[in-house]
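The form predicted alone is given below as one chain in structure tokens.
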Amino acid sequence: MILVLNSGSSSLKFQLFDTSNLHPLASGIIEQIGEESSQASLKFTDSQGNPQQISQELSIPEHKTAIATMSSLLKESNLLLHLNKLKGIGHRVVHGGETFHQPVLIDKTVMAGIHDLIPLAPLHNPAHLMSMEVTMEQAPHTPQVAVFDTAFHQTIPIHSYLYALPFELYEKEKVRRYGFHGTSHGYVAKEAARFLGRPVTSLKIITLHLGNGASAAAIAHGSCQDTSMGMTPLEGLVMGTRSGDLDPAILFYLARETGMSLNDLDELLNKKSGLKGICGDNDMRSITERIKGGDKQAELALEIFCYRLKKYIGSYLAVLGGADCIVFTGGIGEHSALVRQKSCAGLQELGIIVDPEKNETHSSKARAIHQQQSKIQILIIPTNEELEIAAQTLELISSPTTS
């Protein structure tokens, strides 16, 4: 079996896969790590094929206890008695900087490299390292793999990833565009090619990963050419609580006129802006319901969200010189027909025409939602980052050079 871990600053998500076919056996989450009351749950199917769930409410002060809680839940489910019984463990790592361009087997050198990148991801990389340290203690002979969110974007050319700042800031401080959600963008691009029955190397694809965090990517022949997130996940599209693109001089203005500190500005742009800043709500489902009730502020939030998205679609058509398909994915991308419709509206002259009936049809499967005369195919591809991490982990540990 392959175990995939996704450690956040206050949470631990995990999923267990069958090695033979990468079928998911169980998924779980431990939330509110470090708070007085933590929540832990595991979903799985028992030997009789019945869905089961184990839930616990307890105090989990740090990630070491979270890993122990996860092991206890898996043992209680009779799926995994001990971590040392695993074939491999895959870790999602948010930031690989310029150091890591592909999945790597974890050792002390790799962990040191991830540690060196903490300034670029101060909330995430320390949590990833803690999970690695604990699982390596518990399963020292089980191969473990780091899969980096930034790796897929390492093919972006220098003229795309550099900012127009003094070049020495890139040389000394590594200030550049890195991009995120790379595992998802890479996965849905390959799935789109599979859906179309064509090699991914023959396609130009615009992928739109839309959730509480949102990003776009321009992909040509299987390689990323540009992406909307930058040095941090703050740049780009309007998101649930993040502002996305804005005039940087706004920060100077606010600091001067309101006395806001650097920490205040950081919290403003990352936690109080985006959809939440405009209408007080960062859940697109709730916003959609409010619009049905005539809420003008919710309607404005949706308009701004979709307008920014439309601008990125147009700019990436220019970057790629056209596209074979546009892919919607993520919680909003997969489930909000209204967002898909509004972000593609008025793009008929660019060859993008949504079929209203297909767009409104609910399904958990990959599907096309464009009209027959649309020159660019419009697809909905459910993302599965955990499956992609499991596949990359299995591929690396099964390679003759690493076995």
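What you are looking at is a predicted structure, and each value in this text was computed from that prediction instead of being measured. Position 1 is the first residue in the sequence shown; the rest follow in order.
Not on display, but discussed next: the form predicted together with a small molecule.
- A heavy atom within 4.5 Å of the small molecule in the model of the complex is found for one listed residue only; from Gly97, Gly330, Pro103, Pro233, this is Gly330.
- Contact with the small molecule in the model of the complex, judged by any heavy atom within 4.5 Å, is made by just one of Leu117, Leu317, Ala301, Met284: Met284.
- Segments offered: 353 to 361, 22 to 30, 58 to 66, 334 to 342. Contacting the small molecule in the model of the complex at heavy atom distances within 4.5 Å is 334 to 342.
- Contact annotation: Gly211 falls within 4.5 Å of the small molecule in the model of the complex, judged by heavy atom distances.
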